[in-house]
Every structure is written in structure tokens, then in C-alpha cells.
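One chain follows as C-alpha cells, the form predicted alone.
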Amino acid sequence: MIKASKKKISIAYTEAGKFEDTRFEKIHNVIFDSSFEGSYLVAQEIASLIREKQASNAQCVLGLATGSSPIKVYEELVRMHKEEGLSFSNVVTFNLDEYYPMDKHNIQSYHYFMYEHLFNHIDILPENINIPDGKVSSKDLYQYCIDYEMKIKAHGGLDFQLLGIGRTGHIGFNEPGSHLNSGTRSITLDHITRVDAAPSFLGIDNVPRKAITMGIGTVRKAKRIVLLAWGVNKAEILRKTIEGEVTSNVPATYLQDHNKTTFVLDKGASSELTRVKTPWLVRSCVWSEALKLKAVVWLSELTTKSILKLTDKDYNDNGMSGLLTEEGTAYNLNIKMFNKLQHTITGWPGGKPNADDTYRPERKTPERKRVIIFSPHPDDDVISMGGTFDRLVEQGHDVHIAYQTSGNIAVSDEEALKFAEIAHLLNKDSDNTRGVIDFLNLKTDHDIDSLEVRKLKGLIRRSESYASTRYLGLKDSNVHFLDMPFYETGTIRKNNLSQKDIDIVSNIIEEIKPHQIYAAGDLADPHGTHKVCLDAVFAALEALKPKAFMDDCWVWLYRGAWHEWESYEIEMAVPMSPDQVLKKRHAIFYHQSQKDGVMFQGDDYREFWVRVEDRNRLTAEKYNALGLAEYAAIEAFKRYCF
């Protein structure tokens, strides 16, 4: 079960690999429960450095990064400036990189990003801000990069360098193949880097192919380096960076040789590190029930044996002799863990009436439960848990769908234009539709959708949602569109979660008084829509906790199209027959604007319905490989306790 932790951790530098449980690690790293905790302490370290330099009447030279990772750091620095009087009058900044070519007024430029998130809100001197110029002419670009490098040196180098990391292992835009001693230069972006940037540019075709970046050599000369990484999508490249060999194929590994570097990670980002993924390989463990299950599942997958076939030798040969000493024999442990997994499987996600629920994941009473399925976008419900949704309706529960955002940003201009033209043909006297058509025909890459266009795109998503929920037998009155304000910016970048957003979620929970809540537990991107929507649900639950009806409310988290819960994390597994798989597919197909051209698909070119079918099938195959029953597909959930 998921619970939040409030412990505080220092990010003070210590030598990497110094302790037994970090002996595989070559870069010092600190793991936090959330990106918020880590960002807060990094901001505190930067503020302390600024004040220390002020006390000695010296400049503080900062190397700054962009992207989602440092946003909370910048927010905390702004807060300290406004509320605690932190001055930036002695600060000189050099940004890592910029797309090329790129106008500084373009909302996708790093120049725009830095002013939006930091420089517009603090007292830094304009002449002390240095950001690579994405509009410098190609004939002047080489000399421009040399001058940028020399300007950093003229200021005595970087006192502190803030970094993020890309999935190619790039820091700044130093892509695989970058040299150890490279300086500021222009570079061609890796395809994966462009894919990751595609959502911000509304498609990979709009992402520049080149950039200006500080070099590896420039970064490594900084006196102090802190790299931020959040989410499971960064976990594998972080393992390679922290535990692997130094290689130009993973440029971030060059930081292993820097004498004062710290990686600041959240739990998702750290999940592939040896001490996190398989702690029994580096130290003696306190064997909680959850850790026992994780270890047994890992051993089963490693040996390609079902759980009940694991032997004492398997455990002893793989660093788990201490677990056997505690449990007695492999036989006893295997039976215990097998039963634990078997008890997660249920065809009755709302609980089975008139049945012994001692070993079932859900309660049998009340027989007819009130259920809210929170869906961040207007298709996450059927994509992520369409089979369970179908089961809940068929089994007679009072199911409500709450679409948290309009999803309008994910509707292409071409799709919107098609609907606008149809509407105009039906009513040629409408100035409204004529205006929408004219706007879309004249729209440039830099334009933000007008309110009328955003409304049309939202209505397209809404009509598709009704078609899908009707297909699954749900009444229109049980479908709720929350249109949370944080989302309605007209751009990829959203506003911060507000009390108004939380109140909207709280109100529907209090109105329905559910026995079950399903919510998207996607924690991979700390600044993505799913994460903000989940934070709103968590905040609402905390606020409503004293209410009597909340004593009977259980919360189940599902995952989206990209990631699934690990087998050992699953607390409710809902099997689907081949017919149910097809029914779920058809429910997804009603979201036609999201089909045949997914706008935010990341580096996976499969359509959402293909991805999710593959994922559900793989979960079933994993259960079968562990020795459990064979199913066509399984949807998985983890319970959240508040």
C-alpha cells in the first residue's frame, strides 16, 4: 500500500560508493520520497551559496538548466526572494543550452522558460543573465560559442551547475558521442531527445534538429554539480550513469570523475539502482512482507522458474540465504508468497456478494457500491481500466466517471477544422464557426488556441467520452466533466494546482460519497497532467478524511498507457477474457480524435489501444510465469491508504 513519507534528508555531498549498500554506485546520490522534497533542499543549497558569496562581496556564478526537472527549484527560489528577502543582485547565470534556430520570444524557447519561471520574479540584473542565442546567424555561430565559453571563464567559472538528464544520458544537449573535453558548441539532437520534446512542440516535426549547448568539459569545471531526476522513465539511464562504466555513449557518466557531484532522485528515478531494486545483493535486509514478495518474484523471474519450483539452492545462490534462515525452507516461503499473489486475483473488482472476502482484495459489502473513476483525460478510464470499468457496471455498481480535464490540447488542428467546417455547413450564418475556421487556417506554430477553438476541441473530447461510456452501459447522468482550471492554459505548460482545482475534486467526492475511488497513479512525470490530477485527488482525500463516509472509502490506483505496476506491487488483478479485451478495444476506438495519430505518444509509436493490450497481456503472462492461472489479459491496481 502507498503512503507518503515526510522524512527530511540532507543532500550534502559524500564520497560515492563509500558504504556497503552503495558499493555499486560511482556517483553520490540521494533519494527522496517526492520531487518536492528534493527540489526544496536543492533550492536551499543554492540560496546558501548566494548568501555566502554576498557576505564576502563576491559574485555567485550559477549554471542553470531548463525542462520540467528544475521547475520546483525555481519556484522555491522565487518564494525565498519574495518572502525571505533572498537577493539575486550578485548572481550571474549561464544557461546550459538553447534550441537552434529558436526565437527567444517563442514559448518553446529556453529563454522564454527561464524568464517565465525565474528571471521575471527576482531582482537579478538583466546584464547578468546569459542564455545561448538561438537566432545567431550560422556564419557567426562558431565564434559565438567560443565567446560564450570565454565569458564563463572570465567570471571565474561556474560555482554551481544545476543539471537534468535525458533518456539518452545527455546533460545539457551533450548527446551520445560527446567528448569529455568538449566546450560550448552547436550539436545535432538525438532522435530520442526530439521525441521527448515532441509533446511541448505539438509533434516531433516541429522540434528543432539542432541546439547550442555548453560542453561536457565546461560543465565538469563547475565547483559543484547537482543533477535532478524524477520519475521511472529516467530510472534505467540513471542506473547506467551511476553504476556503469564511463562511456561517451552515456555522456552523464563523465560526471563520475567530478569530485563534488550529487544526483537528487525521487523513488521512481532510483528504482533500477541495485540498492533499491535488489537490496539483498548489497546488505543484510530487514525482511518485511512486501520485501519478501519483491525478492521472491525477482528470483522467479531471474531463474525463469515458477514460484513453487524455487529451491533452497536458488535462494542461497542469489544472496537470499538470510531470508531462508528467517522462513525455514524454500517450500514454506514459496507457498506463502504464491498464496499472497493468488489472492490478488479477482473477477469482482467491487467485491463478490455472499462470498468469504477474507482473502479477496475488496470487501463484499455493501453489495452495490458507489464508485468514482477519476480520469485525468477523457480517455484514460477506458485505456487504463476499461475491462474493470465494464465489470463494475455489469455487476450492478453505481459507477461515476469524473473526467478531470477537458483534454482539448490533445486534439489536432486538423481534427478541429474538420468539425468546425461540418458545423459551418449546418449553420452558415454562424460567425462563431467562421471565426474558428479562419483562426485555424491562419494559425502559426507560435499561436495559442483561441477560447473558441479550445472550447471546440474540448467538445470533441466530450462527445467521444459520452459515446464510449454509453457503449459500456453507463448513463449520461453518471458522467462528470470537471474541467479543472489548472489545465486550461491553451498550451502544454499548465498552471500549478490551485485550491479551486482541489475543491472541484472534493465536491464530487462529497456529493457521491463513494465506497471506491479509482485514480491514475502515474507518478513518472512530476509535472505532467496525470501527476497534478493525482495530487488533486490526494489533497481532496486529506481534506475530506474527517467525514464519516470516508471511513468506508477505499482508493485504488491504476497506471496509464506507458507503465504498469510491477507484479509484486499489484494488490488487485482483474482478469479479462478475450471477449472483454475486444470490448475494451472498441470502447477506446470511440475516442476517434486520439486514434491514427497520437499527439503525445512519446518514443512508442504504437497506438494507445495497442500499447494497453500488449501491457495487459504481458501482466497476465507474468502472472502465469510465476505459476498462477493463465488469462488473456489482466488490469492491475494498487491500493492507496490515506
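In this text, all values refer to a predicted model and were calculated from it rather than measured experimentally. Numbers for residues come from their place in the sequence shown, where the first is 1.
Note that the form predicted together with a small molecule isn't included here; everything after this is about it.
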Any idea which of 22-30, 44-52, 62-70, 570-578 reaches within 4.5 Å of the small molecule in the predicted bound form, heavy atoms considered? 62-70
In this chain shown alone, the residue from 341, 152, 534, 165 with a heavy atom within 4.5 Å of the small molecule in the predicted bound form is 165
So which of 100, 486, 556, 110 gets a non-hydrogen atom within 4.5 Å of the small molecule in the predicted bound form? 110
Even though the small molecule is not shown here, does residue 263 get within 4.5 Å of it in the predicted bound form, heavy atoms only? no
is_contact(residue 171, the small molecule) in the predicted bound form, heavy atom dist at most 4.5 Å: yes
Should residue 219 be classed as touching the small molecule in the predicted bound form when contacts are defined as heavy atoms within 4.5 Å? no
Contact with the small molecule in the predicted bound form for residue 520, defined as at least one heavy atom pair within 4.5 Å: yes or no? no
